[in-house]
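Just one chain follows, in the form predicted alone, and it is written as structure tokens.
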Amino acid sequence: MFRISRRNLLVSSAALAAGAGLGLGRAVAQSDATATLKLQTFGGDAELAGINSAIQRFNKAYPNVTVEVSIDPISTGWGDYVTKVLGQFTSGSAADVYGTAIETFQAFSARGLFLPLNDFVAANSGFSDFAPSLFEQGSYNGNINYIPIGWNNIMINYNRDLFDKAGVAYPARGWTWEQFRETAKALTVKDGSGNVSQFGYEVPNQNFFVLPWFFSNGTNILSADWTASNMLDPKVAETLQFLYDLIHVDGVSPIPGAEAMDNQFFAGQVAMINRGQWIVQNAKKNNLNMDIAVPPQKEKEATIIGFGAYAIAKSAANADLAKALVLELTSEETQREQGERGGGVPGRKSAASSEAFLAFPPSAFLYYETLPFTTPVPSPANFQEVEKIFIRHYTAMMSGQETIADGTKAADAELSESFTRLKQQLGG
């Protein structure tokens, strides 16, 4: 769901608590509990700032509890994060609280790593501020394992200055694939030799970014229940052909590379990209006149949603303290701060309705308005394999190294083998 370039950090709450207080203006009963909690989470500057503030509030009630934070930028994908976390449990070095994302939920829950939190959720009425669907998507076999935080749905992020310069109207709700294609052509700038100085669009290079194209065509790369490949659906090939043509026929996008084109977008060299709300923090830093639009539709209006959440390890020695920390990490104060900094759409509607959150981009209201027709990112327990298989063949097809017919067949075969292995591993 998140793609943020930042080195891993290790932060101790003792150092954080030494700073100035937050001035919350409320009495806090102090506990004499003494412990150390380990928090393994993900994100960048916006997420870290909100976590730091939450830990400061937590330490007002638990001054003798140290929280050690390890934050991962997820720069190489959620599959690698799954591998990292599984390694921590295997080696006996698991954290107490984990920040993670929907891409990993089944991979972790199927292995029984986290506590069921049904009673915890029922006992805290404040969780009613979250969309119920987030808890449903955070459940496995009837147990809530994940408490939601921020979420992201992929939107078309576009540079309004480039639209204005080209005399192109801003995208309207309900625009079609062909309207998008013509818009991308109009926003592509080439010199007399055909060299491109400004691309109309970036054909995505990542699983999360590209899937809305399939959803808007009424299909998916996996079956609806995430238990099998759907790569042989003709609509999958049709979607891939459309993206291929944007690159090789229309010339509005380069071939997807290893690096995403965020920097080129901020520099005005790409007019439109598929991203989530997390891009807002860097758009503000770069003074980019940006707005968002709902992805174009072929068969229906659709986009993808991925969201973050906190879970508590079954191995946690201080589960009650871990739950108290999660309450602060998912509080309205934390959600508001992270959302306004650009760390994702707050899971709490109260935080997502704040004036500051809705101030930028101009159509920020669309993040929440599109929630009813979002589709969760397909996240089976073998997600780390599924993502790598799909992206490897997808990039080969987009570059012309594989034909779409051969690529979809090869991906289907590999995905089918992966799901067979998964069933064997889980005793199916």
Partner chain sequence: MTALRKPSDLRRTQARTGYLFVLPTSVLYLTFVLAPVILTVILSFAYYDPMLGSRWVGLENFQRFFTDRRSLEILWNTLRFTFFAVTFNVSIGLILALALNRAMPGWLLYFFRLAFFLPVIIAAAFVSIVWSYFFGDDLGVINYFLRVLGLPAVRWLTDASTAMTSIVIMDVWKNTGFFMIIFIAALQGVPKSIMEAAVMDGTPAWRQFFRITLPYISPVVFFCIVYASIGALQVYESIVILTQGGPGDATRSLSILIVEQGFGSFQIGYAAAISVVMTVIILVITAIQQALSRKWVQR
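The model shown is predicted, which means the values in this text are computed figures rather than measured ones. Residue numbers count along the first chain shown, from 1.
Although it is not shown, the form predicted together with the partner chain is what the next lines describe.
A.B. asks: Just to confirm the contact call: exactly one of 33-41, 367-375, 394-402, 49-57 touches the partner chain in the predicted bound form at a 4.5 Å heavy atom cutoff, so which is it?
C.D. replies: Contact-bearing stretch, as computed: 394-402.
A.B. asks: So in the predicted bound form, does any heavy atom of A258 sit within 4.5 Å of the partner chain?
C.D. replies: Contact check for A258: yes, within 4.5 Å of the partner chain in the predicted bound form.
A.B. asks: Can A110 be called a contact residue for the partner chain in the predicted bound form at 4.5 Å between heavy atoms?
C.D. replies: Yes - in the predicted bound form, heavy atoms of A110 and the partner chain come within 4.5 Å of each other.
A.B. asks: Please check if P73 has a heavy atom lying within 4.5 Å of any heavy atom of the partner chain in the predicted bound form.
C.D. replies: No, no contact at 4.5 Å.
A.B. asks: I'd like to know if N118 sits close to the partner chain in the predicted bound form, meaning any non-hydrogen atom pair within 4.5 angstroms.
C.D. replies: Heavy-atom contact with the partner chain at 4.5 Å: absent for N118.
A.B. asks: What is the one choice in V82, L162, A237, A313 with a heavy atom within 4.5 Å of the partner chain in the predicted bound form?
C.D. replies: Only one option qualifies, and that one is V82.
A.B. asks: Which one of K284, K185, K349, H248 is close to the partner chain in the predicted bound form, taking close to mean a heavy atom within 4.5 Å?
C.D. replies: Going through each option in turn, the one that passes is H248.
A.B. asks: Going through 260-290 from first to last, which residues have a non-hydrogen atom within 4.5 Å of the partner chain in the predicted bound form?
C.D. replies: The stretch 260-290, when checked against the partner chain in the predicted bound form, contributes M261, N263, Q264, Q269 at the 4.5 Å heavy-atom cut-off.
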